[in-house]
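In the form predicted on its own, a lone chain appears below as structure tokens.
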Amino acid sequence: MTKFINQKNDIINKLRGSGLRPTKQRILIAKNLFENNRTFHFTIDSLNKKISKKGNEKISLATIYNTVEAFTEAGYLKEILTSKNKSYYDTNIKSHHHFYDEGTKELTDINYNQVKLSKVPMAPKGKKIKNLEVVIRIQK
């Protein structure tokens, strides 16, 4: 019982740390994101389907989107752009690379040390490189 209480408190703290009130819907979204045994990739639509499939009450797409965006801004999730109109989110916020399968539309993690870059351009004046992540597109 203590483990569940700690998890619920952690979720409430993540919500508040993101500037969000811990409503029933947001707690449900956070549970689906952070109460997993392993990290995973998702889109807003796939998260919506996952939550709906479990027979939970309906949560608006706008609430899911706003909650995910707030978690991303707070550093709890990482956004991965695979094209100009498609974003995936990752619950693994450590530096790592990805394979993106253009056929199945799936992301797969690549260990950060498995990609070696021999030359990286200088950042524009007044800027510094925060992180470097590679998305390698694959197809059948």
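Here the rigid core means the biggest group of C-alpha atoms that line up within 1.5 Å when the two forms are laid on top of each other. Numbers follow the displayed sequence, beginning with 1. Only a predicted model underlies this, so the values are computations on that prediction, with no experimental measurement involved.
This protein has a second form, the form predicted in complex with the DNA, left out of what is shown; the following refers to that one.
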query	finding
Partner proximity in the model of the complex: residue 23 to the DNA, non-hydrogen atom cutoff 4.5 Å	yes
Interface membership of residue 63, the DNA in the model of the complex, 4.5 Å heavy atom rule	yes
Contact label in the model of the complex: residue 85 to the DNA, heavy atom within 4.5 Å	yes
4.5 Å heavy atom contact, residue 58 and the DNA in the model of the complex	yes
Partner-contacting position among 44, 51, 77, 107 - heavy atom within 4.5 Å of the DNA in the model of the complex	44
Per-stretch contact check against the DNA in the model of the complex, the hit in 34-42, 77-85, 109-117, 96-104 (non-hydrogen atom, 4.5 angstroms)	77-85
Core-aligned C-alpha movement of residue 85 between the shown form and the other one, 2 Å or more	yes
